[in-house]
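Just one chain is shown here, as structure tokens, and it is the form predicted alone.
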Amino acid sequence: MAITVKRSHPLFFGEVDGVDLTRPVTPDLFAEIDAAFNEHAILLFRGQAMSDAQQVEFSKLFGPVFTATKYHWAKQERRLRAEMADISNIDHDGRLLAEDDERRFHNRANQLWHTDNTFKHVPARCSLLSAREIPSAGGDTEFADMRAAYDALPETRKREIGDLIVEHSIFYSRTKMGFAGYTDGARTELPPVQQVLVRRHPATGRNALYIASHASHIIGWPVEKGRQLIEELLAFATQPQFVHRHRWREGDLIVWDNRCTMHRATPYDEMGERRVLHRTTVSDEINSVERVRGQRHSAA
């Protein structure tokens, strides 16, 4: 064993020791990391002073890395390379974003419980977030184990939700936070998509709830009835026993499995202190609804 993993929560979230991700990761080493990832759903690597290029290369071991969408804002400037999402409150010159900067409003939606890229037809497999600068207080990230939440549901509820399909939209989640600054190009590029409500993990076979803030409504149900069920499931899944709160340190790298976890940012003094994190997001192979239909066809 090249690595050791200590669980930070009774259910999930493993802290990895014994690896320097600024150096090339061998196939044998990555096999250990991948096995730990499937078991714990979230892995923390401390003290990783990675460059953006090193983070992208490590991310590619998990699968294809998303290129950031071009149309998030009316102003299409980017501070980081195309494979990275900027989870920061600074501009191109390293200054704090202006109070009315649309990027600030957009990023505040990260304080909602969410799962990355469920609003894309082919959603995310995992995300990797690297802490470059951390405020003196606040700005933590909370994670929820959606496998454990599903396991704890009553059997009647599991039967009720097992075959449900949900529409996801980034415009739905951002509207909750009062952000409406998307261009027409964004609305063309990111139309609403359908995802399963219960997702089976391909490596472990465990079921997980697959919802969060982008989940707008349930296909075939009255909108308000569907939203009520989604809110009930969110409240159930974010009870303290399913949640771990991570206090960031500079040099932390966290990789989480978007197929079976949710996360959210917590507030900090965003007008007074810098918080700089760089995220890469790895694509899954197929839409979750299409995966289930393909599995059923193969079994028939």
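Fair warning: this is a prediction, and the values are worked out from it, not measured in the lab. One rule holds for the numbers: they count along the sequence shown, beginning at 1.
What comes next is about the form predicted together with a small molecule, which is not displayed.
Exercise. Should L129 be classed as touching the small molecule in the model of the complex when contacts are defined as heavy atoms within 4.5 Å?
Worked result: L129 belongs to the contact set for the small molecule.
Exercise. Going by a heavy atom distance of 4.5 Å, is I230 a contact of the small molecule in the model of the complex?
Worked result: Close contact is absent here: in the model of the complex, I230 is far from the small molecule, nothing within 4.5 Å, heavy atoms only.
Exercise. Any of the heavy atoms of R279 lying within 4.5 Å of the small molecule in the model of the complex?
Worked result: R279: yes, in contact with the small molecule in the model of the complex.
Problem set entry | Contact of D140 with the small molecule in the model of the complex (heavy atom, 4.5 Å) | Result yes; D140 sits at the interface with the small molecule in the model of the complex.
Exercise. Which residue, V56, A265, L234, A68, has a heavy atom that falls within 4.5 Å of the small molecule in the model of the complex?
Worked result: For this set of options, the contacting one is A265.
Exercise. Considering R199, R147, H168, H114, which brings a non-hydrogen atom within 4.5 Å of the small molecule in the model of the complex?
Worked result: Flagged contact: H114.
For this session: Given that the partner is absent here, state which listed stretch (218 to 226, 153 to 161, 106 to 114, 92 to 100) has heavy atoms within 4.5 Å of the small molecule in the model of the complex.
Result: So the stretch in question is 106 to 114.
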